[in-house]
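Only one chain is shown below, in C-alpha cells, and it's the form predicted alone.
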C-alpha cells in the first residue's frame, strides 16, 4: 500500500515515514497541500492508496486538501492529523467526506488501527 504523508513539519514527516516503512508501507512525502496535489499529478509513477495529512499547514490546510482530493480523486481514503480536536473542525471535515481523524500526539499503533479501519 502506498501512503502519501502530508505535513509541513519535516521532523514529523520523517518520523511518520520511518514508522510506516517499518510496518511495510511505501511512503510518498509532501511538505504542503500544494506539494501533495503535485504528487497526484505525478501518480503515474506510484499509485496512492491513502492520504495521511496534517490539518494545520500554510497555504492549503488539510480540509482544503480533502476538498481537492474529493473533486479529483473521489473516494480515496484520507486521515487528518490534528492537535486541535475542536468540534467545528471535525464537523467541517466530515461534511467534506474526510474518512478519519487522529489527534496528536498519537502512537504508531493508534495510527495503524486508523489505517486498517479506513482501508
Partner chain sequence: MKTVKPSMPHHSSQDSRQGEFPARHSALGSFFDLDFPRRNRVKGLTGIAKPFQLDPWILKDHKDTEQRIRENMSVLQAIFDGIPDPLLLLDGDFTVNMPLNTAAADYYGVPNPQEVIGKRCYAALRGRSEPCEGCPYLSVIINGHGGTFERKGLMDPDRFEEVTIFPTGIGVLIRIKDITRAKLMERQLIQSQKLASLGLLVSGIVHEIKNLNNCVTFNIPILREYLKELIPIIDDYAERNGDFELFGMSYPEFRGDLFSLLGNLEHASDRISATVSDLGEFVRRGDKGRQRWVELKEVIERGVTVCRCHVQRMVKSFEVDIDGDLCPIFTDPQALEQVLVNLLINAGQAAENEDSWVRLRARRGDTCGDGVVIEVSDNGCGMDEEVRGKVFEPLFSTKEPGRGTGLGLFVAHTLIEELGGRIEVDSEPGKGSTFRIILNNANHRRIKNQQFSAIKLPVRRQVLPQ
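Positions refer to the first chain, counted from 1. Just so you know, these numbers come straight off a predicted model, no measurement behind them.
Although not depicted, the form predicted together with the partner chain is the subject of the following passage.
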Contact of residue 15 with the partner chain in the model of the complex (heavy atom, 4.5 Å): yes
Can any non-hydrogen atom of residue 56 be found within 4.5 angstroms of the partner chain in the model of the complex? yes
Is there any non-hydrogen atom of residue 90 lying within 4.5 Å of the partner chain in the model of the complex? yes
I'd like to know whether residue 101 contacts the partner chain in the model of the complex, with contact meaning heavy atoms within 4.5 angstroms. yes
